[in-house]
Each structure stands twice: as structure tokens, then as C-alpha cells.
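So this first bit is one chain, no partners, the form predicted on its own, shown in C-alpha cells.
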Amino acid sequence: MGLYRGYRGSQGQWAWMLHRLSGVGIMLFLMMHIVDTFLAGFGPQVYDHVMALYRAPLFMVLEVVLVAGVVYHAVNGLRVIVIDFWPNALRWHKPLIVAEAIVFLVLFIPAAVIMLGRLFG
């Protein structure tokens, strides 16, 4: 039978997919940031209106999502660098992903608590 066995959903493939998604999300944020900074040229009223939108609860939650993406992308990028420069590190692929998850949580949870504290505080 011609079963497709290329995608198995292992930790490495999930890390790859999340790395790409977080990278695209960061790029979209940067594009949005360029546009909102460009709007300053249309006068302070336009810029202030856009900045007021960013203070809305939805944007505050999206800001936390952005931080999650940046932290994940950075930590996963360090794991990729370790594997690229030390090919023997591939033997510890799963423990490296567990370590990545722990470092992500240690960095992200306090940041999320502080950021969401503004929303609920």
C-alpha cells in the first residue's frame, strides 16, 4: 500500500512548524509596526487614534501572544543552533525540546502575568 509516512507529528516536526508560525507572526507584527509608525506622518490625531486601538483588551491579549511567539522563536532558534553546530547533539533531540519548553515557560509565564495584570488589574 502507498501509505504516506513522511509526517508523524513528532516533537521535532511540531517545533519546526511552531518556529515557522512564530516567525511569520513576528514578521506580520513588524509590518504592522512599520505602518502604524508611518501614520505619524499624517498628524498626531491619526497616530493617537491608532495607539488608542492598541490599548483595547484584544490588542493587549495579542501583545501577549506576540511575546510568546518571540520567546518561543528565540529559544527554539538556540536549540536549532546547538544542533547545527554540534551534530552529536541530535542524540539528545527530545531532551533538548523538553529543556526548550522549560526555558520557554520560565521566561514567558512571568512576562504574561505582568502583561495580563494590566488587563485585569
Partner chain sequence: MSYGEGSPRPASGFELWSWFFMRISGLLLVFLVLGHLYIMHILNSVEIIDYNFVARRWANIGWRTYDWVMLALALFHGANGIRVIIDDYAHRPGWRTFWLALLYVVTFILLVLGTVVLVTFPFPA
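Numbering follows the first chain given and starts at 1. These figures come from a predicted structure and were not determined experimentally.
Omitted here: the form predicted in complex with its partner chain. The next part is about that form.
Participant: Taking its partner chain as it sits in the predicted bound form, is residue 30 in contact with it (heavy atom to heavy atom, 4.5 Å or less)?
Facilitator: Answer yes; at least one heavy atom of residue 30 falls within 4.5 Å of its partner chain in the predicted bound form.
Participant: Closest heavy atom of residue 98 to its partner chain in the predicted bound form, within 4.5 Å or not?
Facilitator: No, no contact at 4.5 Å.
Participant: Any chance residue 80 has a heavy atom within 4.5 Å of its partner chain in the predicted bound form?
Facilitator: Yes, residue 80 lies within 4.5 Å of its partner chain in the predicted bound form.
Participant: Is the gap between residue 57 and its partner chain in the predicted bound form 4.5 Å or less for some heavy atom pair?
Facilitator: No, residue 57 sits far enough from its partner chain in the predicted bound form that none of its heavy atoms falls within 4.5 Å.
Participant: At a 4.5 angstroms cut-off on non-hydrogen atoms, which residues of 41 to 61 are near its partner chain in the predicted bound form? List them in order.
Facilitator: Counting only heavy atoms within 4.5 Å of its partner chain in the predicted bound form, the contacting residues of 41 to 61 are 41, 43, 44, 47, 48, 51, 54, 55, 60.
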